[in-house]
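Consider the single chain below, provided in structure tokens and representing the form predicted alone.
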Amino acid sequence: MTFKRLITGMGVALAVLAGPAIAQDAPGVTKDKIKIGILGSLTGPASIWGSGNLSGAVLAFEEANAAGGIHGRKLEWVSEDDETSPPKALAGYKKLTGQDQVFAVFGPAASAIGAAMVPAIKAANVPTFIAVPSTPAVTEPMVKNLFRTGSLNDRMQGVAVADYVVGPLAGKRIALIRQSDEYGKRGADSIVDRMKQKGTAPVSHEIFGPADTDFTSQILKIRETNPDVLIVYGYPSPSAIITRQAKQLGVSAKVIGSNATSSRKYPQIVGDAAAGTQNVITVAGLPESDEPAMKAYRERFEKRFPDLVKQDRPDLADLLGYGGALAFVEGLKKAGPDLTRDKFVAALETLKDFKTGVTLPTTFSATSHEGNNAARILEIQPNLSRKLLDVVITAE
């Protein structure tokens, strides 16, 4: 059974709920149900992120229902696939908040989609919760009805990475290669700005397209600058090829990748060249670890989504989606039995150091809807296993 058929089989394609809303400010809410929209890229280039967003929401929402629901109300959900297309994401969001009359939206799940949707989200004034994308555009400046937790946003990630490579990693000649889209540009610009504040600059700064497969020209230019650290800011597939080609072409620099490259499969994709490389990651523990909280989550995930297990999951997006959905559910609980959208927003703003066991703690306030300001560093070992280092990087 495919993942999309599985979701359909759960009754995601729901009819509009019967019965009046309990308050004018609570569409999608009846005396016994809360209707949630889930928006993400289930197909297209960002499908790994969208399917993780969906798996996380489904698992957390089902667990909440099994525990009795939210003040006696069960969660129901409608899922829309944006196909990694901003126009289709906008259409899906409009359908969820209009025709489907959901109380709130969980997603989208890709940075480029999130950045394009901010005006529509702001205009709709429907509580919208993002757990996977890292673009700063969704939270800077703050939008009252828009929250993000889980990933460290790319501006903050850039600051933290620059601090780390200049500080603990002691990089002297730092090269940078980044993706050409919203994701790569935001992170790389932040790295360059932070390095400038510290009185230094990249010895090389190269750009590549998300769909590129040969980076020889960029790597040869980087090699000429003799870097001791190479920062790769891009999606897993091009980053893996860059890491392999850099080794093949004689670049001996320490490679550190952005959060997108912290997939369980990344070491195997890169191969032997991955040994010794590092990645930024925004989780409390690795999904393959035997830490009690992670092991318990993984067992629940594997039982619920056996088809995804065949893809070496749960992985980063699944953890971010699940941790975000737990924070979302906690906000619903804190909003109380007389649920309205305003009360839900206000309740989320009271979350402080909320721990999920799988993601880093979430804190919101009335002046900041950026739930996480920290990340960890993992290093790939000679046997291609992954190890979390005793390092936490932060940024404001």
Partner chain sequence: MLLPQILLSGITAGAVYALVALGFVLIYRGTHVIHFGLGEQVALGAYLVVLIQLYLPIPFWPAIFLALIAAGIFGFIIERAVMRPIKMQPILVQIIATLAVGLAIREGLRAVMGPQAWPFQFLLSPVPQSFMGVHFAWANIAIVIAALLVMGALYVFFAHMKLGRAVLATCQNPTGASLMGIPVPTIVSSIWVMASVLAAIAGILLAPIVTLSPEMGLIGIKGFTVAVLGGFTSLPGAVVGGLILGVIETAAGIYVSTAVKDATTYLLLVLIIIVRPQGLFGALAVKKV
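Numbering follows the first chain given and starts at 1. If you're wondering where the values come from, they're calculated on a predicted model, not measured in any experiment.
Although it is not shown, the form predicted in complex with its partner chain is what the next lines describe.
Trainee: Within 4.5 Å, heavy atoms only, which of Arg223, Arg173, Lys144, Arg300 is in contact with its partner chain in the predicted complex?
Mentor: Result of the distance check: Arg223.
Trainee: Ok, Val203, Leu75, Val229, Ile241: which has a heavy atom sitting within 4.5 Å of its partner chain in the predicted complex?
Mentor: Of the listed residues, the single hit is Ile241.
Trainee: In the predicted complex, does each residue in the set Ser252, Ser289 and Ser385 place a non-hydrogen atom within 4.5 angstroms of its partner chain?
Mentor: No, because Ser252, Ser289 and Ser385 lack any heavy atom that approaches its partner chain to within 4.5 Å in the predicted complex.
Trainee: So if I measure heavy atom distances to its partner chain in the predicted complex, which of the stretches 67 to 75, 319 to 327, 303 to 311, 193 to 201 falls within 4.5 Å?
Mentor: Heavy atoms within 4.5 Å of its partner chain in the predicted complex occur in 303 to 311.
Trainee: Is Ile48 one of the residues lying within 4.5 Å of its partner chain in the predicted complex, judged by heavy atom distances?
Mentor: It does: once its partner chain is placed as it appears in the predicted complex, Ile48 has a heavy atom within 4.5 Å of it.
Trainee: In the predicted complex, does Gly44 have a heavy atom within 4.5 Å of its partner chain?
Mentor: So Gly44 counts as contacting its partner chain.
Trainee: Does any heavy atom of Asn153 come within 4.5 Å of a heavy atom of its partner chain in the predicted complex?
Mentor: No, Asn153 is distant from the partner.
Trainee: With a 4.5 Å heavy atom cut-off, would you call Lys295 a contact of its partner chain in the predicted complex?
Mentor: Contact with its partner chain, no.
Trainee: Can you name the residues of 328 to 366 that have a heavy atom within 4.5 Å of its partner chain in the predicted complex?
Mentor: The stretch does not touch the partner at all.
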